[in-house]
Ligand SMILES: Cc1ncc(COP(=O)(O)O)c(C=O)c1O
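A single chain, nothing else alongside it, follows as structure tokens in the form predicted on its own.
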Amino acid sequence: MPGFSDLARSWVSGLGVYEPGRPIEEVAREMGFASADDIIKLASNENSLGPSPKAVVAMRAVARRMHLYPDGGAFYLREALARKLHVKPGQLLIGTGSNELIEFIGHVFLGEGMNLVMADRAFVVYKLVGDMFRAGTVLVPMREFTHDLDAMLAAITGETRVVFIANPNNPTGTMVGGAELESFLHRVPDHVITVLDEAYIELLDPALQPDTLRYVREGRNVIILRTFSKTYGLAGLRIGYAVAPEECIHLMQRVRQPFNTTAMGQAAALAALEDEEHVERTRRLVKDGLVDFEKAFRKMGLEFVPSVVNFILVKVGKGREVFEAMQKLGVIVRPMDPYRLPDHIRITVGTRVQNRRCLRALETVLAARAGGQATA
């Protein structure tokens, strides 16, 4: 009798699998810690302050209504986003995090004989989705860990349908400015859709945020992706949104399953959207944390990529070994070999206490590897 692998499409078994940051509970079990509270996780660029307090209140308020299906169109959340962003509700689509929206883009715009263009060290999910829809992926080398938009433009062919630009970029923490984006979008061919993945945009001071939404208002072939996972601290609820011209949103709606987001997620996002105090506290935490990390890395003689968001890429040599050793000390960071950066780890900015513990663990691991002595 043929097995499942024999009956599956032949190319599915060759698809890559995303490696997420390890859960705290899993590491605690594996490493023999008495409690998950003994572990700190600085691996997945989550908000170390936790969820927006207003979102927590909203979640509690709707908890007793979880026996009812959610609003499939997320009417109130789209209305609130439209007011805040100065776009039309019909230019918004709510998804289960940005990842589901990236998959929608694949459903609508990618297939055999087509390709997507992305930077070689941008969010790996773009390529995974391209592979899922059997589209080719053109990887364009970054310039100094930043998107090289001129090179990406030159990589576009007649088969290209989508260009992904993560801005700010994960995992490098770098960004391109508004003038560079403007130049790129004026030159990109009409048959190409530019996806601006702005998962971390709210972490920037408003004055530093490129005005990309105007491209949607102008009807350009642009899709903007944003999320409530990072700045607003709602990663566990998986809720994000796309902003695009209405024609594009209508097409993406056709591949969306009904009730794709939860009622609790919608309520929390709606409340978090108005919590400017939480956003400001998060920005201050990130700024202070980056300063502390950069000072410590310079003191340790480690190369790092200056970041504008809530994580930092640092060269430690044999990054996976460092990641595994730090886990034993109760600190989870992210190895970067999936991004072809085997000598690097990525560290999320935490609270001051978490950052100090992380740095002590890193010093301990590096000293032990060098045959020295350090205090944990």
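As the structure is a prediction and not an experimental result, all values here were calculated from the model. Residue numbers run from 1 along the displayed sequence.
Unshown form predicted together with the ligand; subsequent notes refer to it.
The partner is absent here, but in the predicted bound form a heavy atom of Ala166, alone among Ile105, Ile94, Ala269, Ala166, sits within 4.5 Å of the ligand. Think of it this way: in the predicted bound form, the ligand has a heavy atom of just one of His278, Arg238, Arg161, Lys127 within 4.5 Å, and the residue is Arg238.
From the list 108-116, 193-201, 292-300, 173-181, the contact stretch for the ligand in the predicted bound form under a 4.5 Å heavy atom rule is 193-201. The ligand in the predicted bound form is not approached by Thr261, whose heavy atoms all lie more than 4.5 angstroms from it.
Mapping the unseen interface onto this chain, Arg121 falls outside it, with no heavy atom inside 4.5 Å of the ligand in the predicted bound form. Among residues of the shown chain, Thr227 is one whose heavy atoms approach the ligand to within 4.5 Å in the predicted bound form.
Contact annotation: Thr146 falls outside 4.5 Å of the ligand in the predicted bound form, judged by heavy atom distances. For the stretch 79-99, the set of residues having any non-hydrogen atom within 4.5 angstroms of the ligand in the predicted bound form comprises Gly97, Ser98, Asn99, in sequence order.
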